[in-house]
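What follows is a single chain, given as structure tokens, in the form predicted on its own.
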């Protein structure tokens, strides 16, 4: 299978590396790491065992990659205005598009541009960071949940899950992609938001009882909003406790939004905060703590405010 990776950050590099190591024909659209990766390959430092790819196929433009069987989208969501430009050269008649981006609204954006029949969504529970150019650090987890944006062909999901599993990625299929996205937000909203705002890693955040309580309160707001969206099965409040326990075992970990803020990059506030807030509001679900956190992040980060919708 020819796979194009669009958004070769920590997520795109890690999964792309495993897919290439597993025998797939993987092509990376690269920007800042182009020279390092095309000259020296990629080094992956992983809790599951380090490995290197001495050579990988890297390109500066999507047109150089050409049509692919699968486009894996790992772009930060604030770059979604580039989707048409980046993905159009990669399409043939049966190309599938899998977005592993954070937040809500990504499948809808892709479906509007390329048709819902092409679009698959995925939720990645992955702890990874980029290191020096040409390196990526896998610090924990890594499983993926995938589903169709609109029911079309479940067999393609099964084939894709088999491809990921053969590459060493735990991958399962969900018939309720919406629920999987809200489950991820239960973790993403409090930890990405608070860690970025306070510039503290998850372990430091959770050692303060008042902060731990706030994290759980934020999680319960997200669960309530998610359960108002017509999920096939509600998310229980106990899911928040499971996420706290999961995070306790991470050790010292900086979520991606914290790293982005520390390095002066734009934050994914719209997809991770503002769109979920709007979905909650439509169903009459108040999320005051989530709204305050989003506002504080926007005020603390010049230029971070969401574009009016």
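Positions refer to the first chain, counted from 1. Keep in mind the model is a prediction, meaning the values are calculated, not measured.
What follows is about the form predicted in complex with a further copy of the same chain, which we do not show.
Enquirer: Identify which of 166, 111, 79, 211 has a heavy atom within 4.5 Å of a further copy of the same chain in the predicted bound form; exactly one of them does.
Expert: None of the others qualify; the residue that does is 211.
Enquirer: Just one of 204, 84, 159, 172 has a heavy atom within 4.5 Å of a further copy of the same chain in the predicted bound form. Which one?
Expert: That would be 204.
Enquirer: Within 4.5 Å of a further copy of the same chain in the predicted bound form, counting heavy atoms only, one of 112-120, 194-202, 138-146, 179-187 shows up; tell me which.
Expert: Among the listed stretches, the partner-contacting one is 194-202.
Enquirer: Does at least one non-hydrogen atom of residue 254 fall within 4.5 angstroms of a further copy of the same chain in the predicted bound form?
Expert: Residue 254: no contact with a further copy of the same chain in the predicted bound form.
Enquirer: Is residue 27 one of the residues lying within 4.5 Å of a further copy of the same chain in the predicted bound form, judged by heavy atom distances?
Expert: Residue-level check for residue 27: no, no contact with a further copy of the same chain.
Enquirer: Answer yes if any heavy atom of residue 19 is within 4.5 Å of a heavy atom of a further copy of the same chain in the predicted bound form; otherwise answer no.
Expert: Contact with a further copy of the same chain, no.
Enquirer: Applying a 4.5 Å heavy atom distance criterion, does residue 285 contact a further copy of the same chain in the predicted bound form?
Expert: It does not: once a further copy of the same chain is placed as it appears in the predicted bound form, residue 285 has no heavy atom within 4.5 Å of it.
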